[in-house]
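The chain that follows stands alone, in the form predicted on its own, written as structure tokens.
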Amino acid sequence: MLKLRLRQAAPVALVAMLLLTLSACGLTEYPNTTFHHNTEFNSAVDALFDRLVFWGTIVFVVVEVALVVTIIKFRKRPGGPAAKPIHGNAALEITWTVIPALILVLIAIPTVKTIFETQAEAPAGAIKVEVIGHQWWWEFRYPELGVVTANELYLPVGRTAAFELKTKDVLHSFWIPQMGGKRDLITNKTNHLWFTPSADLPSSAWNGFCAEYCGSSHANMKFRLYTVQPDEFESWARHQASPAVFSATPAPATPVIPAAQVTVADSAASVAAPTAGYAFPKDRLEAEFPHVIPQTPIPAGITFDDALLAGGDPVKGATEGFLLGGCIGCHAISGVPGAVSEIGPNLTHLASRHTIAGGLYRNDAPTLARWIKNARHLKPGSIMNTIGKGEYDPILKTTNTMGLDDRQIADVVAYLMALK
């Protein structure tokens, strides 16, 4: 009777196994997978993972076969002999103690080896990057290059990046799945992480995340990594380190005012923009890396007159909006005296970035206008004040009776979008 049941169940089990195998080998792309050898870090971790899965599979198969054989062979039968106790069988007890110990050794040796490899000091010549976690956005500082940016990280392929991981508030965790490595940012402590994007990589874009619950907008704390060619990185870094000046009207003959002499009024006048540095091409993102382009919809209930954006005045946006509207109290812009606050993201070359709001939204004029108008409506828990006049603040539970109207916000947007 049992043999008959097993024969009937075998086809069902076979079909189930085939379906399970097919589901695991789907054709879908997984852009955030960790199983790519893009750095020495995730190569080492992936090799360890493969080894542990290999030995774990062997142990599973041996144990399950032994279990099935035991169930069938030693099952109770009518008229069968009574079971014999095995207590006191020293050879058997030693065997089932030694075998697991050997398995643990096989697991422990490569695990400890990988831990030491990934915890070692970064090689000499690595690019130093300070990673500072905020609720809920990322700050990136390149102290040797004089670059400060937010939510978008650029690294050259073939060169090691050494990260110093810090937090301004609660625990966060820095993770770029395709580069490997996930390390926590701990209050009052600096953690370290390093990896080298493979020199064989073409210029590419990757997603980064906070992998440690850090509050109401934890899931909205994202960033982008752009691995670029060395010359592209040098161009990007050189430009990012320059002060923020822009041209309100095309004026190619006007000389660039030195950084030490730039004022808000100067930067809002017809100051010729410096040669733009490298930024990852937007058309390549759309064609090759759509998974890094934010798809977050604007929440219902916030409106803006987009027609005003076409006539935004960057001069008024710099003076009456950014300076007098209070933006200067939280944001820094290199080259603008007084704009040195580190409470919010550095806006020096904001228009060269593809995302805003901790990587949550696209960086375009309509989205930026709504973000300025009521950031807390777009991102729960944001510490950015509600600036739009007449807007309801979901944290303070009050309506803003002062603030900027849509025309004034359009001017601020025109100014910020000129900061290439």
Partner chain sequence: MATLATPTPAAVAGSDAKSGLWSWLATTDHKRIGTLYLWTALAFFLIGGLEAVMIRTQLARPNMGFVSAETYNQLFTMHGTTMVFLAVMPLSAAFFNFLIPLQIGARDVAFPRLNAFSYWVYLFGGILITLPILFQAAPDGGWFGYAPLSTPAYSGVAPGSSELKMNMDFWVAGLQVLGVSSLAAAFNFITTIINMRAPGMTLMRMPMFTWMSFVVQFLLILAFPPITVALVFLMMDRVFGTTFYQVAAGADPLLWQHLFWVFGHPEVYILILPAFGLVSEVLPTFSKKPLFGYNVMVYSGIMIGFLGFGVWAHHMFSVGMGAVADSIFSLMTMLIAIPTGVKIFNWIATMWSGEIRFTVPMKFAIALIAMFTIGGISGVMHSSPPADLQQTDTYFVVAHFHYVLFGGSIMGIFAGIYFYYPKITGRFLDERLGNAHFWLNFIGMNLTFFPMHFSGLLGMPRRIYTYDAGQGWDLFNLLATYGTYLLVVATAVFVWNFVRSRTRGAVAGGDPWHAATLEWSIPSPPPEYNFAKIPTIGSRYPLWDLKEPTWNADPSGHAVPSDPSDLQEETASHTAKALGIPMPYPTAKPLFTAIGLVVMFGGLLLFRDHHAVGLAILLTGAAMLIGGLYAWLTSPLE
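From a predicted model like this one, the values you see are computed outputs, not experimental measurements. Residue numbers count along the first chain shown, from 1. We call the rigid core whatever largest set of C-alpha positions still superposes within 1.5 Å between the two forms.
This protein has a second form, the form predicted together with its partner chain, left out of what is shown; the following refers to that one.
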Only one of 332 to 340, 316 to 324, 143 to 151, 89 to 97 sits within 4.5 Å of its partner chain in the model of the complex by heavy atom distance, namely 89 to 97
In the model of the complex, the one of R238, K128, K282, H291 near its partner chain [non-hydrogen atom within 4.5 angstroms]
H291
In the model of the complex, which of the listed residues (G311, G301, P85, P202) lies with a heavy atom within 4.5 Å of its partner chain?
P85
Its partner chain contact in the model of the complex: G277, any heavy atom under 4.5 Å:
no
Spell out, yes or no, whether the shortest heavy atom distance between N207 and its partner chain in the model of the complex is within 4.5 Å.
yes
Flag E212 as yes or no: does it have a non-hydrogen atom within 4.5 angstroms of any non-hydrogen atom of its partner chain in the model of the complex?
yes
According to a 4.5 angstroms non-hydrogen atom cut-off, is D169 in contact with its partner chain in the model of the complex?
yes
Looking at its partner chain in the model of the complex, which residues in 93 to 114 have at least one heavy atom within 4.5 Å of it?
E93, W96, T97, P100, A101, L104, I107, A108, T111, V112, T114
Any CA movement of 2 Å or more for D50 between the shown form and the other one, core superposed?
no
Once everything's superposed on the core, is P123 shifted 2 Å or more at the Cα between the shown form and the other one?
no
Would you tell me if P297 moves between the shown form and the other one by 2 Å or more at its C-alpha, with the rigid core held superposed?
no
